[in-house]
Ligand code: BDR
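Quick setup: one chain, the form predicted on its own, written in structure tokens, and binding and motion questions come after.
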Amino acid sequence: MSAARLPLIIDCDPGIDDAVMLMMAFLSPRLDVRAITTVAGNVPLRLTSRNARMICERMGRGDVPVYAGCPRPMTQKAVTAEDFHGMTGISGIEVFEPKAPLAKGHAVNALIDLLSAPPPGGYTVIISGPMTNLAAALVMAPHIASGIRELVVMGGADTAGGNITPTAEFNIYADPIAANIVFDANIPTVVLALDATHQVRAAPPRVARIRALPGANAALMADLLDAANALETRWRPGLWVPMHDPSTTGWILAPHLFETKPCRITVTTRPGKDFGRTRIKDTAKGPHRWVTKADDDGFFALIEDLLMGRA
């Protein structure tokens, strides 16, 4: 008898790398994507919500509900990244209005409802954008923390330095108060920060291998990665795009590709040069795990296996 599929909720702000992450989750027979919640981040909420539904439709998963969430951070002005992701937020894919409408209700309420009645063992939850939705849900209903088996976060930076300020990573900087609320909830959490994601880059030979695979999904994946590389090299000549958000799905499917250390994470919320900085305190008690190393060859082999139905 095959193992039960892992119940999964994805909170995201698509974004090209979110789109790759969603594709990986849909391609895996081991993951059961129960809901997608969207937040303002890479682009405004109306676009992240449309982009998530576009990927669902392209992957034949229009049945997965997509709930629109918070259009701005908890206390500060919205920070978006159209300068990098483009005005649509998702270069490499033809923009269209998805057939499936948004699910009724707010993403925060959907998270509360889902996590209040979790499946046996709880939900795995991915957050690949600002943490506003889950933070608001935890403030309204703190008990939902017990409904999360594992939280897998793309965010933060330590030794790699930041990508929006010298010390802060975008997802955390966009709503550091929300990040502190989530980290303070004592949920078992794996954090894939820039320290790890900068080790996994979509070099052209890797994208060419994906493009050579048969099928529309391989072509879409290659189109997204080529578009992301074009944007990355425009801003950072000589570097290929890191696999930020896709690393979350990579961790869930193949944790052996990563090394972690136990720690407790806090975020600087005081205005100043370190605003949005993640601070890592090593402690054997956790409850967080900071990913320190990632196997780039193994990661792209995983993508190929997913596209070929071998994973």
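Note that residue numbering follows the sequence shown and begins at 1. Bear in mind that the values here come from a model prediction, so they are computed numbers and not experimental data.
Keep in mind that the form predicted together with the ligand is not shown, yet the notes after this line are about it.
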*Candidate stretches 107-115, 93-101, 209-217, 168-176 - the one whose heavy atoms come within 4.5 Å of the ligand in the model of the complex*: 168-176
*Contact residue in the model of the complex, from 203, 230, 81, 160 (heavy atom within 4.5 Å of the ligand)*: 81
*Does the ligand come within 4.5 Å of any heavy atom of residue 244 in the model of the complex?*
yes
*Is there a heavy atom of residue 194 lying 4.5 Å or less from a heavy atom of the ligand in the model of the complex?*
yes
*Would residue 128 count as touching the ligand in the model of the complex under a 4.5 Å heavy atom rule?*
yes
*Residue contact check: residue 38 to the ligand in the model of the complex, 4.5 Å heavy atom*: no
*Taking the ligand as it sits in the model of the complex, which residues of 25-42 have a non-hydrogen atom within 4.5 Å of it? Please list them.*
42
